[in-house]
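Next up is one chain by itself, shown in structure tokens, the form predicted on its own.
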Amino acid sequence: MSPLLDVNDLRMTFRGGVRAVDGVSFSVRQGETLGLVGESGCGKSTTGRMIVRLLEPSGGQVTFDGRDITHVSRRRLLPLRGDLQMVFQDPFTSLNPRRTAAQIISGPRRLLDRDGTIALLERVGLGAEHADRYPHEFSGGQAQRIGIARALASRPKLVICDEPVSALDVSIQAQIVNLLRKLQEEEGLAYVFIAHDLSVVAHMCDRVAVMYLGRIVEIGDRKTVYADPAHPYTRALVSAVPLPDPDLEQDRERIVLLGDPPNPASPPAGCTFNPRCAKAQNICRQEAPVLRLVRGRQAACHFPD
């Protein structure tokens, strides 16, 4: 069965030669959730925006539902917009402040009538009393529910979730994650779930792709990656995820990375992670590793753990 989304060697170079995304490849099946994780500035949000064509890729290919949409015109892309939606990080900047919740959800094409809009509000945990309120009258969690309802109004096949819970309180984060999972089960949705918090990804995703400085350094099944990370960067990220058992949390090894990520405008030679890696050898400073099969997942490292 062909994947719903196939991203192949996707690239994005901004002005000044900054390579925000540098050859990213992955696929997503119908009903699957792929987590795209990494530090701020690693290119994960840029990748999501290129998939939905809010940004024009500099290179590579995006195939959605069997169709190459990498450089199609806006007119030809319009019929696919309903199948490919996005939930943004900050609900208040992504919602039109001059429109009510009902107007935002039904959209300019009036996808739903009044009853359908209220039914969708109820599905995301709101009610009829919220239909005629404006974004500034909602809490952050409520506003994000409206953003999710807007994405669902066209009955999409794939939703790009760009850090949808990072701006919310921890208790509200759990509610939104549970809502997304519930809607996925009901609708058969596929998600690309972009996040920097691996504890959230652990509850949400089937597979995980770890990005560093515009590249995927490890990708595989969530349980495999979390239990036995192969790349030193993944290992450091996983070590920062809190454990529910206080005794285990106190005794385990915590890996602290040295320094900040390099400037993407002038990345280091070889493996871009080598300046922060305690295991780096001469080959790491000279030759960039490629993704290869390591213990049931792919990792780009000369000396995988």
Partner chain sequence: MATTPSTRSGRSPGRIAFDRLKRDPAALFGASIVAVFVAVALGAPLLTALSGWDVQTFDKSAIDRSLGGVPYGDLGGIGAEHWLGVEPGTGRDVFARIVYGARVSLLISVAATAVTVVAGTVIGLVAGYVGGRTDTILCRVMDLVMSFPSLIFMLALLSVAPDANRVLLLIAIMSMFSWPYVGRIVRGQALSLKHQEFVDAARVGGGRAAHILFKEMLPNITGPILVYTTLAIPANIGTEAALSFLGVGVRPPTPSWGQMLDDSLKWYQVVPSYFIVPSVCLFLTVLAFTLLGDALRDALDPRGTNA
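Numbering follows the first chain given and starts at 1. Computed from a predicted model, the values in this text were never measured in an experiment.
The same protein also has a form predicted in complex with the partner chain, omitted here; what follows describes it.
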> Do heavy atoms from each of Leu198, Arg276 and Glu287 fall within 4.5 Å of the partner chain in the predicted complex?
Replying inline: no
> Of these, 215-223, 98-106, 200-208, 180-188, which stretch puts a heavy atom within 4.5 angstroms of the partner chain in the predicted complex?
Replying inline: 98-106
>> Under a 4.5 angstroms heavy atom criterion, identify the one residue in Cys42, Val28, Leu237, Val52 near the partner chain in the predicted complex.
In response: Val52
> Would Leu78 count as a contact of the partner chain in the predicted complex, using a 4.5 angstroms cut-off between non-hydrogen atoms?
Replying inline: yes
>> Against the partner chain in the predicted complex, would Phe193 count as a contact residue? Criterion: heavy atoms within 4.5 Å.
In response: no
> Is Asp132 one of the residues lying within 4.5 Å of the partner chain in the predicted complex, judged by heavy atom distances?
Replying inline: yes
> With a 4.5 Å heavy atom cut-off, would you call Gln85 a contact of the partner chain in the predicted complex?
Replying inline: yes
> Who in 145-171 is close to the partner chain in the predicted complex, meaning a heavy atom within 4.5 Å?
Replying inline: Arg150
